[in-house]
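The data below hold one chain only, encoded as structure tokens and taken in the form predicted on its own.
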């Protein structure tokens, strides 16, 4: 599968490592330019590209950048992507630590991923936003393994969600359908499932126990 990764931080870098090891054709981009990705390219065999090039011909694109940088992504980013493109959003809103106040999230009632969708102009599938980056390398297990971790997956496009869930399974993790993007508050920071290392039953229970009220510590 041809996969583009936009953002080469902890999550983006480790997804590049895992997906190339699984045999996927991975292009990776960051805001600083392809020349800054030399070490990751040499390690993984991925191709370093510019941000607009990362989506060209891609069947899956992972957007894993700070939320405050989402509006800076180029317009028409996905125009050259493959038909049926699935876009993965791993983002989280950290108003105090990093992103500043985003009124549409704070006051407008938008989930973080719905806000991201509106800026990038394409539906997203939210996954891995509460996953520890190192777990992508250290904790994958084969299907059926009793200790296999599960992650929630939210999205409105059922076909795209199916593609993403199959990819997550290939990466060595189970998935739990967390509903549509308007329900993705259930996996945002400070919810029971955020950062939870557990199987399907516990993840399902944590999603059900979530509250839509954003805690004061996670508000601007």
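Note that the structure is predicted; figures quoted are calculated from it, not measured. Numbering follows the first chain given and starts at 1.
What follows is about the form predicted together with a small molecule, which we do not show.
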{"item": "The small molecule in the predicted complex: contacting segment from 137 to 145, 102 to 110, 117 to 125, 70 to 78, heavy atom within 4.5 Å", "value": "70 to 78"}
{"item": "Joint contact, 153, 184 and 199 to the small molecule in the predicted complex, by non-hydrogen atom at 4.5 Å", "value": "no"}
{"item": "Partner contact for residue 211 in the predicted complex: the small molecule, 4.5 angstroms, heavy atom", "value": "no"}
{"item": "Any non-hydrogen atom of residue 46 within 4.5 angstroms of the small molecule in the predicted complex", "value": "no"}
{"item": "Contact test in the predicted complex: residue 3 vs the small molecule, heavy atoms, 4.5 Å", "value": "no"}
{"item": "Contact of residue 51 with the small molecule in the predicted complex (heavy atom, 4.5 Å)", "value": "yes"}
